[in-house]
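Given next, in structure tokens, is a single chain: the form predicted alone.
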């Protein structure tokens, strides 16, 4: 009898040790997984970001042709005001970032769109890639400043403003060298406003619209909308 009782006590002790081991290892797994899923790109992220970039690039191609006649009245009204229409070249990065929600998404989306525009052909040639890189970087810096945690309308609008500022700096450096200070000021303000309204606000609304259809259910944006419904 004593030996049998000792066996029972020993068995219980072993089970308790095993249970303790499981509970001590579980927290490390649960804390590391969210970090990986938050910042690590999945295959579907690359595919969807590429689709957004290519589709945006095709819109860029149309706007490349339509922008001059559409923005001529703005330039005639106040030189530099035409930069407000630049928002139609800035939305790819902001939209991609709002959907993917991963570091580098804004740069990726904008560069892919700029590459499509350059490959199909436009009046700016290979310098389109420079613009795409700087504009994507302008939006990326804003999202990074919020530690990739602000996907609300405020974050989108500020990212659009960052892209617009980057566009103004790039354009004034490459295309408008020696421009008057008054022109540079108007151009910069118009670019920022266009970025806020077109690249920022419209991209945020487009993301919500896509999420409401269920097309983004595998992304944070889609799950966020689903919780509110």
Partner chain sequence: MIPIAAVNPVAKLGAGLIVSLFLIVTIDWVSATTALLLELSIIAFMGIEPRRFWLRTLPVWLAAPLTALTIMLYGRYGGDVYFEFLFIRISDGSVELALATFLRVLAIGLPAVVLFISIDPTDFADGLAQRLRLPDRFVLGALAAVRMVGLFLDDWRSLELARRARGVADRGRLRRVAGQGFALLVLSIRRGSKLSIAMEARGFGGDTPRTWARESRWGAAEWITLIVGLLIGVAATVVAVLTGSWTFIAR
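Residue numbers count along the first chain shown, from 1. Small disclaimer: the values here were computed from a predicted structure and weren't measured.
Omitted here: the form predicted together with its partner chain. The next part is about that form.
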{"property": "In the model of the complex, the residue from 145, 153, 127, 149 that sits within 4.5 Å of its partner chain by heavy atoms", "result": "127"}
{"property": "Residue contact check: residue 48 to its partner chain in the model of the complex, 4.5 Å heavy atom", "result": "yes"}
{"property": "Non-hydrogen atom contact residue 167 with its partner chain in the model of the complex at 4.5 angstroms", "result": "no"}
{"property": "In the model of the complex, residue 121 touching its partner chain (heavy atom, 4.5 Å)", "result": "yes"}
{"property": "Contact label in the model of the complex: residue 79 to its partner chain, heavy atom within 4.5 Å", "result": "yes"}
{"property": "Heavy atom contacts to its partner chain in the model of the complex at 4.5 Å, residues of 83 to 117 in sequence order", "result": "95, 108, 112, 116"}
